[in-house]
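The chain below stands alone and is given in structure tokens; this is the form predicted on its own.
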Amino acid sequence: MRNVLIVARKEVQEGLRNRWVLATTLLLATLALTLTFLGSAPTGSVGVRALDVVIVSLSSLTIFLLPLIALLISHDAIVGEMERGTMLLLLSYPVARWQVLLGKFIGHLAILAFATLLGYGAAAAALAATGAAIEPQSWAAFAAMVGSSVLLGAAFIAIGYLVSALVRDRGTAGGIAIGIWLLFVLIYDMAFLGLLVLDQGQIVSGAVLNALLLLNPTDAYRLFNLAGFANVSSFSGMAGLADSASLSPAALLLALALWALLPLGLAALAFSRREL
């Protein structure tokens, strides 16, 4: 475990040196604060359940932004080190390949988690500072949103590692990473919506709907945050889909965890068989 933590610390230090931590934190904080106060613009003041509106806004932001950030910081984690020759140097030390991969994963996840906690936490703190009345269930939904956002980021970091372990150059890894982001964030949902419109409930049963939702980590995240809490679902308009899908919050979190663990395991397998 010591070797894993050493590699993780190295990744965090490189993130600090390359300004990834600062840039990601500032970006998330700026967008979160903007959405927080624009959300109260229609009424001219921050309402009683303002945090629920913020959760809906930040969940939508997370679906588009966090997977892209995760893929950008992870797509060259392996192939990039190989091209620079630093991977061969790193493996010359008494450290296993899986320890390198796990250490990198922990380091990148720590960067993403720090940026998410600080960025979104700043939005919640700013909202509380306005004197808005925030109910305990709204704080619980906000905490669940932040935690699941980190889990969604972990899933796409793992997917980025799998890409990095399979390709031969950084350019290809970057192109595939962007393609994966487009597929999961935009193309899949548009095709999914088109299928539901054309099907009109004839073929897509509840079980098929559940499977289709779980096949996309962003859909599992969306359903967990926008329909998992009654106080939030009333704003998001996702209550009807949640009733049709009949997926529990625990099942959705498990799906997100599997989306992180399975690609990471496959990446470790591919890396262990790759020639340096």
Partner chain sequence: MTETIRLEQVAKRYGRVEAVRDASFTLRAGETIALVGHNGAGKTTLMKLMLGLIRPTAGRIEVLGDDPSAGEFAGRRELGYLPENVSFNTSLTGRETLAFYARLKRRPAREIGVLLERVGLAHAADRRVCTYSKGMRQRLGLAQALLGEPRALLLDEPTTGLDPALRAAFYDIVEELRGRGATVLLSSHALTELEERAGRVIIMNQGIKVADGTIDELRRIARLPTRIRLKVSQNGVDRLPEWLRPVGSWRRTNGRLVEIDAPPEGKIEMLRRATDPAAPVEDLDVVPPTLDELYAHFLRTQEAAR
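What you are looking at is a predicted structure, and each value in this text was computed from that prediction instead of being measured. Positions refer to the first chain, counted from 1.
Just so you know, the form predicted in complex with the partner chain exists too; it's not on screen, but the next bit is about it.
J.: For Gln137, is any heavy atom within 4.5 Å of the partner chain in the predicted bound form, or not?
T.: It does not: once the partner chain is placed as it appears in the predicted bound form, Gln137 has no heavy atom within 4.5 Å of it.
J.: How about Ala191: is it within 4.5 Å of the partner chain in the predicted bound form, going by heavy atoms?
T.: Ala191: no, not in contact with the partner chain in the predicted bound form.
J.: Wondering, does Thr86 line up within 4.5 Å of the partner chain in the predicted bound form on heavy atoms?
T.: Because a heavy atom of Thr86 falls inside 4.5 Å of the partner chain in the predicted bound form, the answer is yes.
J.: Check whether Ser92 has any heavy atom within 4.5 Å of a heavy atom of the partner chain in the predicted bound form, and answer yes or no.
T.: Yes.
J.: If the cut-off is 4.5 angstroms on heavy atoms, which of these, Ala128, Leu196, Ala96, Ile187, is the one near the partner chain in the predicted bound form?
T.: None of the other options qualify; the answer is Ala96.
J.: Okay, which stretch from 172-180, 96-104, 139-147, 155-163 lines the partner chain in the predicted bound form, with non-hydrogen atoms inside 4.5 Å?
T.: Only one stretch passes the 4.5 Å heavy-atom test: 96-104.
J.: Pull the contact list for 1-15: residues with a heavy atom within 4.5 Å of the partner chain in the predicted bound form, in sequence order.
T.: Read in sequence order, the residues that approach the partner chain (within 4.5 Å, in the predicted bound form) are Arg2, Asn3, Ile6, Val7, Arg9, Lys10, Gln13, Glu14.
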